[in-house]
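Structure 1 and structure 2 below are two forms of the same protein chain, each written out on its own as structure tokens.
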Structure 1
Amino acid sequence: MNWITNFVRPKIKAFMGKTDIPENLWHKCPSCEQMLFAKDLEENLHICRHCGHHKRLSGKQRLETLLDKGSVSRFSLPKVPLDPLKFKDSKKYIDRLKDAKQKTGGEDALIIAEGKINELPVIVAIFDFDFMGGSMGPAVGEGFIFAARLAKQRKTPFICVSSSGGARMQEGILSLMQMARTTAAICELKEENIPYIVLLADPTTGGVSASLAMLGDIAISEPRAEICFTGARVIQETIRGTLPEGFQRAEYLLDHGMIDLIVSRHELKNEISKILRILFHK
């Protein structure tokens, strides 16, 4: 019998009392692995002060950091069949949807809202990666089309923040159809000369990157964001070769003309409002 472990330590703990320590008080940076105080991280827009890594934001956090405080008005997503294919793998798709809704508090992987960026009115469609990896199904497609047509109707700039793993496999061909449908909605904006600006956040991949995410009049990215169609590991195993350093990162895409700007989260609002003022001659 260990006298210190089994007798002395419990007595000391009982004497000192239980100390409640809040959960998630510290976060470890996934890039430099430094420990970051949660409050400090939040005040710095979830950017690591040591290495500048831009931590992924939820859809709600993105909405709060991008639009002016007090200007936000959200819209509900159009109603679509929840489980058209009755899909089931290790778990029923309908149950996965319920879990994702409970986790995020959202209707699906897209948030639609109107608001202002430095006093300039905009319509925004923001992907929420926390909702099933920001995957695009009919609900996301319908929501994006609704937002694009609202921007067209109001002659208001349309801004999309993409953060997605691609088309949602549980809805099969119905998900893939959203690539064409969202592209058609973007063409409607272009016909009316309505600016469509895309912010490619980490990660933007799959069918989303192959459609709506790469069709912006201006393509902006945050530093070091992963932007691709197929993951680097799959490509490397297929070609059996070594990929270039920084492959599929925002800086690599900028060097090769795939995006227009890389902007720190601190400067996003000012940069987007500056672009909009130029486009509208204000």
Structure 2
Amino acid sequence: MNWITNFVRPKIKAFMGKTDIPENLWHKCPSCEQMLFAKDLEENLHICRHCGHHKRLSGKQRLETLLDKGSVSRFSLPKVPLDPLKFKDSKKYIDRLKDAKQKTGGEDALIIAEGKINELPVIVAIFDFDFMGGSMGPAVGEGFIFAARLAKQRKTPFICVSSSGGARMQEGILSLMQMARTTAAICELKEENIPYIVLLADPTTGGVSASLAMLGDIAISEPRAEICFTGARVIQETIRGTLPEGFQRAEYLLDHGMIDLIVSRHELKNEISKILRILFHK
């Protein structure tokens, strides 16, 4: 107790105003456990400077990092019936949906937009893993179809960034049907020779990998991204054995001939625009 604590500090505080200290100033890299300054991490496209770990991006972050600044214009998702199954587990599905909307500020687990990648116009459909694990239900399916059809109409390349736990259980069979519906839209693109490029981002699993994500003309992934049909935990429980090193990582899929290339996030835009230029004889 002295004049500094009683008098000077409050004065200084009053003079400086309320200090807003952001909560997530520092991030711990999940791979090498080094502490990373948030702003630094963001500037480096959410890649760890120490070990090169590619941090999972939210849909919004992906949109910002993939498309040229100032080129983006978003579309809202087409309307679909709300909670057609009236699904309820420990919590009502409509409440889970509300929470997810609030948390992410998104409409559902997909962002659709038009924009440019190194000056080349593209239509994108980007999964948002933060929205209920990027799960695909009717809203995502409908959004994907809308975007694909727009690409077809405008003869613009269609880019999908998948990041999803699979089909959304809470919309039951209607979610399963999205596998067929989105595939039908891809068939239309193929028939018109509209390039369909998929970036299989971490993680791409289940019904999403077994439909739209594995049907790209070009399949790209990022280092160490998880890509699979059945999750490792389920396989482990079924076989009760050990899984191979690096199982279901992007490198494993590349080795097994399931994807075309693994690209660092720094090179992603250049790689995609290079491919598009060649496909279009530019």
Partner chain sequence: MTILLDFEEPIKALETKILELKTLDSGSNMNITSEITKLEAKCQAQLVSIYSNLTPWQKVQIARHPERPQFLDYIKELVTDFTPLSGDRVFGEDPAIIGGLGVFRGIPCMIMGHQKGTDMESRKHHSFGMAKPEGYRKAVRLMDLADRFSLPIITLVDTAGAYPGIEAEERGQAEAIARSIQKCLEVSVPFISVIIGEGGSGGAIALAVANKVFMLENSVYSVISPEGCASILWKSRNNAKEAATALKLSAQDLFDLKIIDAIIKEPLGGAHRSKISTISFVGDEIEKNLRTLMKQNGETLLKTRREKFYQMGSL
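Think of the rigid core as the biggest set of C-alphas that the two forms share within 1.5 Å after superposition. Residue positions are counted from 1 along structure 1's sequence. Note that the structure is a prediction, hence the values are computed from the model and not measured.
- Here the chain appears twice, and structure 2 is the form predicted in complex with its partner chain.
- Residue 30 is not among the residues whose C-alpha shifts by 2 Å or more between structure 1 and structure 2 once the rigid core is aligned; its shift stays under 2 Å.
- Taking the core as reference, the C-alpha deviation of residue 240 between structure 1 and structure 2 is 2.7 Å.
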